[in-house]
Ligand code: NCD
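For reference, the chain that follows is the form predicted on its own, supplied as structure tokens.
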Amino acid sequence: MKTLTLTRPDDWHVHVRNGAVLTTVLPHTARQFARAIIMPNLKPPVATVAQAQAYREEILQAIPDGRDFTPLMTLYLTAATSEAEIKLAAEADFIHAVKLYPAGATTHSDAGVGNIGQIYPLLAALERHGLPLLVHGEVSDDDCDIFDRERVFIERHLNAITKEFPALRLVLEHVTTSEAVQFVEAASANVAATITPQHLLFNRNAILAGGIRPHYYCLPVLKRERHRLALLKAATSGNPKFFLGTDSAPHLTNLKETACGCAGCFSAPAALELYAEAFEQVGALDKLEGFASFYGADFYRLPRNSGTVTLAKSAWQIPTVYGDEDVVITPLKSGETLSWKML
């Protein structure tokens, strides 16, 4: 049997929700990853240090016995966020970043920022205190084509932000386009990006060809094949600016399979296996460890993990759903066969 052993990886972008959904989905992330950057877009948003501490305690209570897992908390940036709160966040050892959601860009982003220019004093505070800014890089204008929203955000906002705040550490989350790859490659060492498994494996045909397939619908939406290939090239290049962030985003199946379904792919149950399939497509399994285990930790200035995980070349079928009668969640590639399996 062919096996692949990696330094235990981290997930630098994941949604674990709260309540019953949290207890259903967190074990999948904790099984594979030593640490994870936890997204703050709950309802209400995790916008203060006190709220992040309470959310962290809820997550810690949900970690299965025997699992060594550390949640890395973030704050949700709003127009009401104060510079004093950013200072508190920087001083809290359990908070590792602040997340910028443009208002209306994705799930639970209604509390996000409507005018990017108005938060420049907060960006200056982040730069001053050395706290990373995580960016959902899309405009939400109704007149902007959904497939262009990432490119327009870069042109309209990110170029200016990185010029105005050169020392600000910034992660462009879940990049989806060749333009985003080019932006990150050309930027300073303070700018990095996460890449999801779905954007490495699929183009927009996965959502629409042969019928509407809601479990492949996420934001930013899947793009053309040329963009997928650009992402795959970046992820497997060995460039430390690009690292693993699943953006696993669980929603109840009945909320996905509806007339106005939620955005998000639940990839957590098979995250590493999905990445292995993508890297194997281009003969780059030797590059997976850096992408999954090293580059994110280095960017966040955290020690690399000491343990290991092992994947085996062994076919298995992803369950059609996870959960119970109260919480039913359909995973990415539901019921399909994967060729790698974590032991």
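Small disclaimer: the values here were computed from a predicted structure and weren't measured. Residue positions are given as counts along the sequence shown, with the first one as 1.
A second form of this protein, the form predicted in complex with the named molecule, is not displayed here; the remarks below concern that form.
Of the residues given (245, 71, 264, 269), 264 alone sits with a heavy atom within 4.5 Å of the named molecule in the model of the complex. Between the named molecule and the residues 136, 223, 149, 215, the one pair within 4.5 Å by heavy atoms in the model of the complex involves 136. Within this chain, residue 41 lines the site of the named molecule in the model of the complex, having a heavy atom no more than 4.5 Å away. Using a 4.5 angstroms threshold between heavy atoms, residue 333 stays clear of the named molecule in the model of the complex.
Residue 227 falls outside the set of residues with a heavy atom inside 4.5 Å of the named molecule in the model of the complex. Not displayed here, the named molecule is approached by residue 249 to within 4.5 Å at the level of heavy atoms in the model of the complex. Annotated contact segment (heavy atom within 4.5 Å of the named molecule in the model of the complex): 100-108, selected among 100-108, 72-80, 85-93, 228-236.
Interface residues of 323-343, taken as those with a heavy atom within 4.5 Å of the named molecule in the model of the complex (partner not displayed), are absent.
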